[in-house]
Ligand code: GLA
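For reference, the chain that follows is the form predicted on its own, supplied as C-alpha coordinates.
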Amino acid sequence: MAAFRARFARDPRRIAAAPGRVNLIGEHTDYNDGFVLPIAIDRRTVVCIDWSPDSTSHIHAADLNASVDLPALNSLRPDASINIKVDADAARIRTGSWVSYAAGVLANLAAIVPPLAARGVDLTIASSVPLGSGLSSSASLEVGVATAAAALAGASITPRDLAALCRDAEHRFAGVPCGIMDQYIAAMGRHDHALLIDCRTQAAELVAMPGADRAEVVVMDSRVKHALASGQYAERRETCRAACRVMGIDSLRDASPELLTLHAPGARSPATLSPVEHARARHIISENARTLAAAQALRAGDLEEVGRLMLASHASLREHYQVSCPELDTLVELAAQVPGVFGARMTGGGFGGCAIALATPHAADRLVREIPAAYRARHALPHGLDARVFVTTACDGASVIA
(Lines give C-alpha, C1' and ligand atoms only; values in the text may rest on other atoms or scores of the structure.)
Protein backbone atom coordinates (compact mmCIF):
# COMPACT_ATOMS: atom_id res chain seq x y z
CA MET A 1 0.00 0.00 0.00
CA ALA A 2 2.90 2.35 0.73
CA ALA A 3 4.12 2.02 -2.85
CA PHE A 4 0.66 2.88 -4.17
CA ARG A 5 0.36 5.90 -1.93
CA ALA A 6 3.82 7.11 -2.91
CA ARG A 7 3.10 6.70 -6.61
CA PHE A 8 -0.49 7.91 -6.81
CA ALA A 9 -0.97 10.05 -3.67
CA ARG A 10 -4.06 8.19 -2.48
CA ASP A 11 -5.14 4.83 -1.10
CA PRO A 12 -5.96 1.95 -3.45
CA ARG A 13 -9.54 0.83 -3.87
CA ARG A 14 -8.68 -2.89 -3.82
CA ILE A 15 -5.71 -4.98 -2.65
CA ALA A 16 -5.18 -8.59 -3.73
CA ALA A 17 -2.43 -11.13 -3.17
CA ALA A 18 -1.40 -14.34 -4.92
CA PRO A 19 1.23 -16.86 -3.78
CA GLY A 20 4.24 -18.40 -5.42
CA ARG A 21 4.52 -22.18 -5.46
CA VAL A 22 6.79 -25.15 -5.21
CA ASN A 23 5.98 -28.39 -6.96
CA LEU A 24 6.51 -31.38 -4.69
CA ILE A 25 6.69 -33.73 -7.68
CA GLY A 26 5.45 -33.90 -11.28
CA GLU A 27 7.87 -31.77 -13.31
CA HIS A 28 7.32 -30.93 -17.00
CA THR A 29 4.27 -33.18 -16.96
CA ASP A 30 1.73 -30.35 -16.98
CA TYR A 31 2.07 -29.48 -20.68
CA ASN A 32 1.99 -33.20 -21.44
CA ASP A 33 -1.52 -33.61 -19.96
CA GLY A 34 -0.03 -35.31 -16.91
CA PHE A 35 -0.18 -35.03 -13.14
CA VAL A 36 1.43 -32.48 -10.80
CA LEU A 37 1.45 -32.05 -7.02
CA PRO A 38 2.24 -28.42 -6.06
CA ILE A 39 1.67 -26.35 -2.94
CA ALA A 40 1.16 -22.59 -2.71
CA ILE A 41 3.83 -21.04 -0.48
CA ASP A 42 4.02 -18.18 1.99
CA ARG A 43 5.78 -15.85 -0.46
CA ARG A 44 3.34 -13.76 -2.46
CA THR A 45 2.74 -10.89 -4.86
CA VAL A 46 0.59 -8.03 -3.57
CA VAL A 47 -1.29 -5.86 -6.07
CA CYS A 48 -2.93 -2.54 -5.19
CA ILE A 49 -5.35 -1.05 -7.70
CA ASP A 50 -7.79 1.81 -8.36
CA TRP A 51 -9.41 3.35 -11.37
CA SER A 52 -7.20 5.76 -13.29
CA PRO A 53 -8.40 9.35 -13.67
CA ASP A 54 -8.05 8.95 -17.45
CA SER A 55 -8.17 6.15 -20.01
CA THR A 56 -4.46 5.42 -19.58
CA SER A 57 -3.37 2.65 -17.23
CA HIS A 58 -0.40 3.43 -14.98
CA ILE A 59 1.49 0.39 -13.64
CA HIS A 60 4.37 0.54 -11.17
CA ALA A 61 6.56 -2.42 -10.17
CA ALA A 62 7.85 -1.37 -6.76
CA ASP A 63 10.58 -4.02 -6.49
CA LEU A 64 12.02 -3.06 -9.88
CA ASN A 65 11.40 0.68 -9.48
CA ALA A 66 9.93 0.58 -12.97
CA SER A 67 6.74 2.12 -14.32
CA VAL A 68 4.76 1.90 -17.53
CA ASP A 69 1.83 3.77 -19.01
CA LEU A 70 -0.47 1.62 -21.16
CA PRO A 71 -3.10 2.85 -23.64
CA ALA A 72 -6.69 1.60 -23.53
CA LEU A 73 -6.59 -1.97 -22.26
CA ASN A 74 -8.84 -3.27 -25.04
CA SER A 75 -6.29 -2.01 -27.59
CA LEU A 76 -3.39 -4.13 -26.31
CA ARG A 77 -2.28 -6.95 -28.58
CA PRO A 78 0.12 -9.86 -28.01
CA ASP A 79 2.23 -8.99 -31.06
CA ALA A 80 4.04 -6.32 -29.00
CA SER A 81 3.09 -3.68 -31.58
CA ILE A 82 1.69 -1.15 -29.11
CA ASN A 83 4.04 1.65 -28.15
CA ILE A 84 4.07 2.27 -24.41
CA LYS A 85 5.70 4.80 -22.13
CA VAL A 86 8.36 3.36 -19.83
CA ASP A 87 9.67 6.00 -17.42
CA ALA A 88 9.28 8.72 -20.07
CA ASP A 89 11.04 6.69 -22.80
CA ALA A 90 9.14 5.31 -25.76
CA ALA A 91 9.30 1.51 -25.81
CA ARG A 92 7.39 -1.55 -26.84
CA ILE A 93 5.87 -4.37 -24.81
CA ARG A 94 8.89 -6.67 -24.88
CA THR A 95 7.96 -10.34 -24.92
CA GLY A 96 8.94 -11.94 -21.63
CA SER A 97 9.30 -8.68 -19.70
CA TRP A 98 7.34 -8.07 -16.52
CA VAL A 99 5.25 -5.61 -18.51
CA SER A 100 4.12 -8.36 -20.89
CA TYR A 101 2.78 -10.47 -17.99
CA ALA A 102 0.78 -7.64 -16.43
CA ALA A 103 -0.41 -6.14 -19.73
CA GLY A 104 -1.47 -9.54 -21.06
CA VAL A 105 -3.65 -10.26 -18.05
CA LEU A 106 -5.27 -6.82 -18.17
CA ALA A 107 -5.90 -7.13 -21.92
CA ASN A 108 -7.52 -10.55 -21.50
CA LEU A 109 -9.71 -9.25 -18.68
CA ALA A 110 -10.70 -6.17 -20.67
CA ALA A 111 -12.00 -8.47 -23.41
CA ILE A 112 -14.61 -9.98 -21.06
CA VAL A 113 -15.11 -7.29 -18.38
CA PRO A 114 -16.66 -4.15 -19.95
CA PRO A 115 -15.62 -1.66 -17.22
CA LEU A 116 -11.95 -2.50 -17.82
CA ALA A 117 -12.35 -1.98 -21.56
CA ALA A 118 -13.71 1.51 -20.99
CA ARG A 119 -11.40 2.76 -18.23
CA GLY A 120 -7.76 2.71 -17.22
CA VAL A 121 -6.35 1.55 -13.90
CA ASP A 122 -3.64 2.70 -11.50
CA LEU A 123 -1.80 -0.34 -10.20
CA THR A 124 1.26 -1.21 -8.11
CA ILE A 125 2.99 -4.58 -7.79
CA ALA A 126 5.25 -5.72 -4.94
CA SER A 127 6.40 -9.28 -4.36
CA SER A 128 8.28 -11.45 -1.89
CA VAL A 129 8.49 -14.30 -4.44
CA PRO A 130 12.13 -14.39 -5.59
CA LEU A 131 12.42 -13.59 -9.29
CA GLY A 132 13.84 -16.23 -11.62
CA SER A 133 14.07 -18.85 -8.89
CA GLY A 134 11.57 -21.37 -10.18
CA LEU A 135 8.96 -20.42 -7.58
CA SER A 136 6.57 -19.08 -10.22
CA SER A 137 6.88 -15.36 -9.61
CA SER A 138 5.29 -14.88 -13.05
CA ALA A 139 2.08 -16.77 -12.25
CA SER A 140 1.95 -15.07 -8.86
CA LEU A 141 2.07 -11.71 -10.62
CA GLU A 142 -0.51 -12.74 -13.23
CA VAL A 143 -3.03 -14.14 -10.78
CA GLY A 144 -2.49 -11.23 -8.37
CA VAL A 145 -3.15 -8.67 -11.12
CA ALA A 146 -6.17 -10.60 -12.39
CA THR A 147 -7.67 -10.99 -8.90
CA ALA A 148 -7.22 -7.29 -8.10
CA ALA A 149 -8.56 -6.05 -11.45
CA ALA A 150 -11.56 -8.38 -11.37
CA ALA A 151 -12.40 -7.23 -7.84
CA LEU A 152 -12.10 -3.58 -8.86
CA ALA A 153 -14.50 -4.11 -11.76
CA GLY A 154 -16.92 -6.19 -9.69
CA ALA A 155 -16.47 -9.21 -11.96
CA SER A 156 -17.13 -12.70 -10.63
CA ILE A 157 -14.66 -15.16 -12.17
CA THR A 158 -14.10 -18.68 -10.88
CA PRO A 159 -10.55 -19.58 -9.83
CA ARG A 160 -10.35 -22.10 -12.69
CA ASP A 161 -11.36 -19.52 -15.28
CA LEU A 162 -9.02 -16.96 -13.76
CA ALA A 163 -6.14 -19.43 -14.00
CA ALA A 164 -6.96 -20.21 -17.64
CA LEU A 165 -7.12 -16.51 -18.49
CA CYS A 166 -3.69 -15.94 -16.93
CA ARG A 167 -2.13 -18.91 -18.68
CA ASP A 168 -3.43 -17.64 -22.02
CA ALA A 169 -1.86 -14.25 -21.28
CA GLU A 170 1.50 -15.90 -20.55
CA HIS A 171 1.30 -17.86 -23.81
CA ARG A 172 0.35 -14.95 -26.03
CA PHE A 173 1.99 -11.92 -24.43
CA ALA A 174 5.00 -13.33 -22.57
CA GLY A 175 5.77 -16.01 -25.14
CA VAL A 176 6.09 -18.86 -22.60
CA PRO A 177 4.16 -22.04 -23.58
CA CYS A 178 3.58 -23.05 -19.96
CA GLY A 179 1.12 -25.61 -18.63
CA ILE A 180 -1.74 -24.83 -16.26
CA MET A 181 -0.07 -25.82 -12.98
CA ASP A 182 1.44 -22.51 -11.88
CA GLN A 183 -1.68 -20.41 -12.41
CA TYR A 184 -3.89 -23.16 -10.98
CA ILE A 185 -2.09 -23.45 -7.67
CA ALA A 186 -1.74 -19.65 -7.37
CA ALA A 187 -5.51 -19.34 -7.75
CA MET A 188 -6.65 -22.49 -5.92
CA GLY A 189 -4.08 -23.35 -3.26
CA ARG A 190 -5.31 -24.47 0.16
CA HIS A 191 -3.72 -24.10 3.59
CA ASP A 192 -1.94 -27.29 4.78
CA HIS A 193 -2.70 -29.11 1.52
CA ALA A 194 -1.05 -29.98 -1.73
CA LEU A 195 -3.16 -30.00 -4.89
CA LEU A 196 -3.05 -33.07 -7.12
CA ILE A 197 -3.92 -31.69 -10.55
CA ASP A 198 -4.88 -33.75 -13.58
CA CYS A 199 -3.67 -31.39 -16.28
CA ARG A 200 -5.76 -33.10 -18.95
CA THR A 201 -9.15 -32.83 -17.26
CA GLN A 202 -8.10 -29.97 -14.92
CA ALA A 203 -9.66 -31.90 -12.05
CA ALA A 204 -7.96 -31.09 -8.75
CA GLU A 205 -7.88 -33.04 -5.51
CA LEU A 206 -6.66 -31.75 -2.17
CA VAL A 207 -4.03 -33.92 -0.51
CA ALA A 208 -3.29 -33.19 3.15
CA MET A 209 0.31 -32.35 3.98
CA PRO A 210 1.96 -33.86 7.06
CA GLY A 211 1.76 -31.80 10.23
CA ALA A 212 4.62 -29.41 10.93
CA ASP A 213 5.65 -31.62 13.83
CA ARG A 214 6.41 -34.44 11.36
CA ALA A 215 7.81 -32.74 8.27
CA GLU A 216 8.52 -29.36 6.72
CA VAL A 217 9.23 -28.23 3.18
CA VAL A 218 12.59 -26.52 2.77
CA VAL A 219 13.30 -24.34 -0.27
CA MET A 220 16.94 -24.05 -1.38
CA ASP A 221 17.51 -21.30 -3.94
CA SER A 222 20.64 -21.89 -6.02
CA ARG A 223 20.66 -18.18 -7.02
CA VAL A 224 21.31 -19.34 -10.58
CA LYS A 225 18.83 -17.55 -12.81
CA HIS A 226 16.94 -19.19 -15.63
CA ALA A 227 14.77 -17.89 -18.44
CA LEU A 228 12.12 -20.27 -19.73
CA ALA A 229 11.44 -17.96 -22.68
CA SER A 230 15.03 -18.48 -23.88
CA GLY A 231 14.06 -21.57 -25.87
CA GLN A 232 14.99 -24.55 -23.67
CA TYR A 233 11.45 -24.94 -22.36
CA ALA A 234 9.91 -24.65 -25.84
CA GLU A 235 12.49 -27.07 -27.24
CA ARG A 236 11.53 -29.79 -24.78
CA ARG A 237 7.88 -29.21 -25.39
CA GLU A 238 8.40 -29.69 -29.13
CA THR A 239 10.47 -32.84 -28.53
CA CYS A 240 7.56 -34.28 -26.56
CA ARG A 241 5.22 -33.51 -29.45
CA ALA A 242 7.62 -35.21 -31.85
CA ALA A 243 7.69 -38.31 -29.64
CA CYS A 244 3.89 -38.40 -29.70
CA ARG A 245 3.86 -38.28 -33.50
CA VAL A 246 6.24 -41.24 -33.68
CA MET A 247 4.13 -43.29 -31.24
CA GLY A 248 0.82 -42.24 -32.82
CA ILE A 249 -0.69 -40.66 -29.72
CA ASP A 250 -2.03 -37.22 -28.93
CA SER A 251 -0.13 -36.71 -25.67
CA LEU A 252 2.55 -38.42 -23.60
CA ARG A 253 -0.20 -38.88 -21.01
CA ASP A 254 -1.35 -41.73 -23.30
CA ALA A 255 2.08 -43.35 -23.48
CA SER A 256 3.04 -46.45 -21.53
CA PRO A 257 6.31 -48.26 -20.80
CA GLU A 258 5.25 -50.94 -23.30
CA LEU A 259 4.60 -48.37 -26.06
CA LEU A 260 7.93 -46.73 -25.30
CA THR A 261 9.70 -50.07 -25.68
CA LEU A 262 7.88 -50.77 -28.95
CA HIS A 263 9.19 -47.53 -30.48
CA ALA A 264 12.58 -47.43 -28.77
CA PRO A 265 15.66 -46.58 -30.82
CA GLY A 266 16.74 -49.70 -32.69
CA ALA A 267 13.39 -51.48 -32.30
CA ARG A 268 11.82 -53.24 -35.29
CA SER A 269 8.85 -50.89 -35.29
CA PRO A 270 8.30 -48.94 -38.55
CA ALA A 271 8.60 -45.73 -36.51
CA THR A 272 11.24 -45.37 -33.82
CA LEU A 273 12.12 -42.58 -31.43
CA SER A 274 15.40 -40.74 -31.51
CA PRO A 275 17.51 -41.21 -28.37
CA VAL A 276 16.55 -37.73 -27.17
CA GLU A 277 12.83 -38.29 -27.83
CA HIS A 278 13.02 -41.62 -26.02
CA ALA A 279 14.69 -40.06 -22.98
CA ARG A 280 12.18 -37.21 -22.76
CA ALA A 281 9.20 -39.55 -23.08
CA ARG A 282 10.72 -41.94 -20.53
CA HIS A 283 10.84 -39.13 -17.99
CA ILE A 284 7.22 -38.06 -18.56
CA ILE A 285 5.86 -41.62 -18.32
CA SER A 286 7.77 -42.41 -15.13
CA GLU A 287 7.12 -38.98 -13.59
CA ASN A 288 3.36 -39.35 -13.96
CA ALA A 289 3.56 -42.68 -12.15
CA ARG A 290 5.75 -41.17 -9.42
CA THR A 291 3.37 -38.26 -8.90
CA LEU A 292 0.32 -40.48 -8.39
CA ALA A 293 2.35 -42.72 -6.09
CA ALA A 294 3.58 -39.72 -4.07
CA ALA A 295 0.02 -38.45 -3.59
CA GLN A 296 -1.02 -41.87 -2.34
CA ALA A 297 2.00 -42.04 -0.02
CA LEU A 298 1.12 -38.60 1.42
CA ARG A 299 -2.42 -39.78 2.09
CA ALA A 300 -1.00 -42.82 3.90
CA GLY A 301 1.53 -40.74 5.83
CA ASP A 302 4.43 -42.68 4.28
CA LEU A 303 6.98 -39.88 4.12
CA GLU A 304 9.89 -42.23 3.44
CA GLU A 305 8.19 -43.29 0.22
CA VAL A 306 7.46 -39.68 -0.73
CA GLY A 307 11.14 -38.89 -0.23
CA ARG A 308 12.28 -41.87 -2.31
CA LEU A 309 10.02 -40.75 -5.16
CA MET A 310 11.36 -37.18 -4.93
CA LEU A 311 14.95 -38.40 -5.30
CA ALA A 312 13.97 -40.62 -8.24
CA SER A 313 12.24 -37.63 -9.84
CA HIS A 314 15.38 -35.54 -9.59
CA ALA A 315 17.51 -38.30 -11.11
CA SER A 316 15.13 -38.55 -14.06
CA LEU A 317 15.09 -34.77 -14.55
CA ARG A 318 18.88 -34.77 -14.49
CA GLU A 319 19.51 -37.78 -16.71
CA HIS A 320 16.51 -38.09 -19.04
CA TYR A 321 14.95 -34.63 -19.28
CA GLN A 322 18.28 -32.85 -18.78
CA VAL A 323 16.92 -29.73 -17.10
CA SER A 324 18.97 -29.83 -13.93
CA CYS A 325 22.37 -28.19 -13.52
CA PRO A 326 25.43 -28.69 -11.28
CA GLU A 327 24.15 -26.21 -8.69
CA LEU A 328 20.79 -27.95 -8.32
CA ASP A 329 22.47 -31.35 -8.22
CA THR A 330 24.71 -30.11 -5.39
CA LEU A 331 21.76 -28.84 -3.35
CA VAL A 332 19.91 -32.15 -3.70
CA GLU A 333 23.05 -34.13 -2.83
CA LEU A 334 23.82 -32.01 0.23
CA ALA A 335 20.25 -32.20 1.50
CA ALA A 336 20.00 -35.96 1.01
CA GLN A 337 23.05 -36.48 3.23
CA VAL A 338 21.38 -34.88 6.27
CA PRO A 339 19.71 -37.38 8.64
CA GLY A 340 15.98 -36.73 8.81
CA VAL A 341 15.67 -35.57 5.20
CA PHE A 342 13.12 -37.82 3.50
CA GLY A 343 13.93 -36.65 -0.02
CA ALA A 344 14.93 -33.73 -2.22
CA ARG A 345 14.62 -32.67 -5.84
CA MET A 346 14.78 -29.68 -8.15
CA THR A 347 11.48 -27.87 -8.55
CA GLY A 348 10.28 -25.67 -11.39
CA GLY A 349 11.37 -25.51 -15.00
CA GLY A 350 15.03 -26.13 -14.24
CA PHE A 351 18.27 -24.68 -15.60
CA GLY A 352 18.74 -23.13 -12.16
CA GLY A 353 16.27 -21.88 -9.62
CA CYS A 354 15.35 -23.92 -6.55
CA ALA A 355 15.53 -27.37 -5.09
CA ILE A 356 13.26 -28.51 -2.27
CA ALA A 357 13.56 -31.01 0.54
CA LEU A 358 10.98 -32.75 2.72
CA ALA A 359 12.52 -33.06 6.17
CA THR A 360 11.79 -33.47 9.86
CA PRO A 361 11.75 -30.15 11.75
CA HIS A 362 15.21 -30.86 13.22
CA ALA A 363 16.65 -31.70 9.80
CA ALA A 364 14.98 -28.63 8.29
CA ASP A 365 16.75 -26.44 10.85
CA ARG A 366 20.06 -28.05 9.90
CA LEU A 367 19.45 -27.39 6.22
CA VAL A 368 18.75 -23.72 6.87
CA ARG A 369 21.93 -23.40 8.95
CA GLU A 370 24.33 -25.57 6.98
CA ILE A 371 23.42 -25.59 3.29
CA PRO A 372 24.62 -22.04 2.45
CA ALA A 373 28.21 -22.67 3.60
CA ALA A 374 28.39 -26.18 2.09
CA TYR A 375 27.00 -24.88 -1.20
CA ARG A 376 29.41 -21.93 -1.21
CA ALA A 377 32.32 -24.33 -0.83
CA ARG A 378 31.43 -25.91 -4.18
CA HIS A 379 30.05 -23.07 -6.27
CA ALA A 380 31.22 -19.50 -6.74
CA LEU A 381 28.33 -17.07 -6.80
CA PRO A 382 28.39 -13.34 -7.63
CA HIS A 383 29.68 -11.16 -4.81
CA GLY A 384 27.11 -10.65 -2.07
CA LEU A 385 24.98 -13.64 -3.07
CA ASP A 386 24.57 -16.88 -1.17
CA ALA A 387 22.23 -19.83 -1.39
CA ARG A 388 18.88 -18.73 0.00
CA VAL A 389 17.38 -21.44 2.21
CA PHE A 390 14.06 -21.16 4.02
CA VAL A 391 11.21 -23.25 5.40
CA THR A 392 7.81 -22.75 3.81
CA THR A 393 4.34 -24.11 4.35
CA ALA A 394 1.30 -24.87 2.18
CA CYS A 395 -0.89 -21.75 1.98
CA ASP A 396 -4.14 -20.51 0.49
CA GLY A 397 -4.36 -19.27 -3.09
CA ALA A 398 -5.19 -15.77 -4.34
CA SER A 399 -7.59 -13.55 -2.45
CA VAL A 400 -8.77 -9.98 -2.11
CA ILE A 401 -7.30 -8.82 1.18
CA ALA A 402 -8.67 -5.29 1.39
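Just so it is clear, the model here is predicted, and its values are computed rather than measured. Note that residue numbering begins at 1 and tracks the sequence as displayed.
There is another form of this protein, the form predicted together with ligand GLA, and it is not shown here; the text below is about that form.
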item	value
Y233: touches ligand GLA in the predicted complex, heavy atom cutoff 4.5 angstroms	yes
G348: touches ligand GLA in the predicted complex, heavy atom cutoff 4.5 angstroms	yes
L195: touches ligand GLA in the predicted complex, heavy atom cutoff 4.5 angstroms	no
Partner proximity in the predicted complex: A279 to ligand GLA, non-hydrogen atom cutoff 4.5 Å	no
Proximity to ligand GLA in the predicted complex (heavy atom, within 4.5 Å), stretch among 330-338, 348-356, 368-376, 37-45	348-356
Listed residue (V207, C178, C325, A153) with a non-hydrogen atom within 4.5 angstroms of ligand GLA in the predicted complex	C178
Contacts with ligand GLA in the predicted complex - residues in 10-27 whose heavy atoms fall within 4.5 Å	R21, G26, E27
